[in-house]
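Just one chain is shown here, as structure tokens, and it is the form predicted alone.
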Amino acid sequence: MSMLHLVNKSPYENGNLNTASSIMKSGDVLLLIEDGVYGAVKSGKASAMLEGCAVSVMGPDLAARGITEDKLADGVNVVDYAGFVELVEKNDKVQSWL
């Protein structure tokens, strides 16, 4: 059974990204939304938490924060709202880390 983990808070403000990434199992997916997208910026200390995880970020949330795709850590997938829906459909469960 796969799980979609949603993180919406900046990793520089709380530990949700660290917690979510540390309990993810093979086949799970991490989706960074809202201020959570700051965790996907390459060279940031939070991006190290993403190693070995399947990670997607919401494109509109990146754009709203002025973050371009070339600033993202390697392997991070950018999705739109339709991609968000696809991730929900593909996974058995959804865990929101609010």
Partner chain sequence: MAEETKKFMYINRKAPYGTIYAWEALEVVLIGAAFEQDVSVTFMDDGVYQLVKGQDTSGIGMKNFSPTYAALGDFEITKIYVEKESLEERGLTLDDLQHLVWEDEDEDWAEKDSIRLVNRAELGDVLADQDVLFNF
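What you are looking at is a predicted structure, and each value in this text was computed from that prediction instead of being measured. Residue numbers count along the first chain shown, from 1.
Note that the form predicted together with the partner chain isn't included here; everything after this is about it.
Q: Looking in the predicted complex, any heavy atom of residue 48 within 4.5 Å of the partner chain?
A: Contact with the partner chain, no.
Q: Any of the heavy atoms of residue 16 lying within 4.5 Å of the partner chain in the predicted complex?
A: So residue 16 counts as contacting the partner chain.
Q: Heavy atom to heavy atom, is residue 77 within 4.5 Å of the partner chain in the predicted complex?
A: Result no; residue 77 lies far from the partner chain in the predicted complex.
Q: Let me know which residues along 42-63 have a heavy atom within 4.5 Å of the partner chain in the predicted complex, or say none if there are none.
A: The stretch touches the partner through 43, 44, 45, 60, 61, 63.
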